[in-house]
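Just the one chain here, laid out as structure tokens, in the form predicted alone.
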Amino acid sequence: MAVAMELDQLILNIAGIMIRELKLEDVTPETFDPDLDLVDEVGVDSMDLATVALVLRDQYRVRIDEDDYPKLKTLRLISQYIHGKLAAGA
């Protein structure tokens, strides 16, 4: 995975992963609002987030610490987290 991936493209990619893994309906990566609160507005629970974290770990080869889960409240925050890890070479 290219480290230099643009954040906007990463948001679209992660939106696609979330839509597929969480079986979200009536939304596409292009229409997924990256600033929605995943718990309060999308209905994601801790098991869903753990599932997505495992897929993202495998897809991008970055570790998402469980202690960081509470910080990852939106698609944008998750994407920024992954982007930062990729840029740092983690």
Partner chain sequence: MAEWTFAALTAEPEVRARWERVRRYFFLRESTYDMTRRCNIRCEGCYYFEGDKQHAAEHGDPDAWRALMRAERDRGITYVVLAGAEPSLVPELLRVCHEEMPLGAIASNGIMHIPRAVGYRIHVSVWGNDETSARIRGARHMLARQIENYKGDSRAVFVYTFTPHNIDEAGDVVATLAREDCKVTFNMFSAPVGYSGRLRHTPESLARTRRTMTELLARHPDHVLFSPYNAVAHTHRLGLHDLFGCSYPRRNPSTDLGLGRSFRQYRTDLEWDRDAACCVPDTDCPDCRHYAAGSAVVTARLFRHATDPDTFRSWLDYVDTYLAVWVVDYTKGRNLCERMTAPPGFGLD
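Numbering follows the first chain given and starts at 1. It should be emphasised that the depicted structure is a prediction, and the values quoted were computed from it without experimental measurement.
Not pictured, yet referred to below: the form predicted in complex with the partner chain.
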item	value
4.5 Å heavy atom contact, residue 76 to the partner chain in the predicted complex	no
Contact flag, residue 45 vs the partner chain in the predicted complex, heavy atom cut 4.5 Å	yes
4.5 Å heavy atom contact, residue 70 to the partner chain in the predicted complex	yes
Residue 39: touches the partner chain in the predicted complex, heavy atom cutoff 4.5 angstroms	yes
Full three-residue contact with the partner chain in the predicted complex, heavy atom 4.5 Å, for 8, 15 and 27	no
Contacts with the partner chain in the predicted complex, stretch 55-85 (heavy atom within 4.5 Å)	55, 57, 58, 61, 63, 64, 66, 69, 70, 73
